[in-house]
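The chain that follows stands alone, in the form predicted on its own, written as structure tokens.
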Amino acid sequence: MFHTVDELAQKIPDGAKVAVPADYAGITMALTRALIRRHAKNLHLVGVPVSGLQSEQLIGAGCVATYESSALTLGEFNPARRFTEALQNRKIKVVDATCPAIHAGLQASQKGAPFMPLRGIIGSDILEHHPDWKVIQNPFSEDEDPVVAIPAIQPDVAIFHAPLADRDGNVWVGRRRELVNMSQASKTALITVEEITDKNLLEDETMAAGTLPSLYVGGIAECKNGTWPLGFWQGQSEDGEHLSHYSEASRTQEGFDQYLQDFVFKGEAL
């Protein structure tokens, strides 16, 4: 159950479908760097419902074959140059979606259902690019009432950073219910945490409601400041100076490779 960050990275096989949360929800940048160090290949990333620096760096490092999400953004540090370059040169396949559609697909998997109905995208041209999304008739209506059937999205693994885990493998995520949803939709979850406690989180009335049970957890690594240089909702602020440095370095592939050398490989050969 308990591993180093690099051991967690070894548990994610090449070609895996990997669910990652938005930057505000708890990004495991420590595990991201470990995946780059192990030269992961052909990953299918699912941004829940968007992604940012994590996916940008995995794409730039050549770890990704498919990116499925509603957006990839670095916020005030845009543009995401390695993602843009990979897209323009067809180095990756992009599966465009919407935030509700991503959540609906994961909810279907979470419930063991083949699809989840959704209304809001009817009339949008995104349907033209999704032959796998089917417009069907509401079976409970006698009038014409179309809905879109979004097929279940089942990632092989969900990865994120959380504040706390206990020795039994339970993980506290607080109000971040999207982390629970993506973990339950996935075959397993691999999680980095700030701290491991000897107290059983599910036996604590104040913590239990925000705790992901160990049933859904395949591995945990204790990693202080595991979201750096991104901020964390339960702790540190983002490192704006470092993010500005990344934005400048990533203008070219050569600059990005040097960034990896300096901050990911730390002297190892690329």
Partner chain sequence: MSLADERKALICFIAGLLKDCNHVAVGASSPIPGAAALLAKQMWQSPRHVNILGSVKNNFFTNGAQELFDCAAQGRMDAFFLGGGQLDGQANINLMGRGEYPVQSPRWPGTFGSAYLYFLVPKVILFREEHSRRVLVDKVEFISAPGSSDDHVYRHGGPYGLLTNKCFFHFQKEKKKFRLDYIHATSSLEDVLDNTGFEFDYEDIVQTTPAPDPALLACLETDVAQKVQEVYPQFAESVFGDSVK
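Numbering follows the first chain given and starts at 1. Note that the structure is predicted; figures quoted are calculated from it, not measured.
Quick note: we don't show the form predicted together with the partner chain, though the next part is all about it.
In plain terms, the part of the chain that comes close to the partner chain in the predicted complex, with a heavy atom within 4.5 Å, is 63-71 out of 215-223, 63-71, 34-42, 199-207. Among residues of the shown chain, L243 is not one whose heavy atoms approach the partner chain to within 4.5 Å in the predicted complex. Using a 4.5 angstroms limit between non-hydrogen atoms, E142 is distant from the partner chain in the predicted complex. Contact annotation for P151: none of its heavy atoms lies within 4.5 Å of the partner chain in the predicted complex. For the chain shown alone, R81 is not a contact residue for the partner chain in the predicted complex, no non-hydrogen atom being within 4.5 angstroms.
Residues V50, R90 and Q107 are all found to lie within 4.5 Å of the partner chain in the predicted complex, as judged by heavy atom distances. Contacts between stretch 18-43 and the partner chain, counted in the predicted complex as any heavy atom lying within 4.5 Å, involve Y24 alone.
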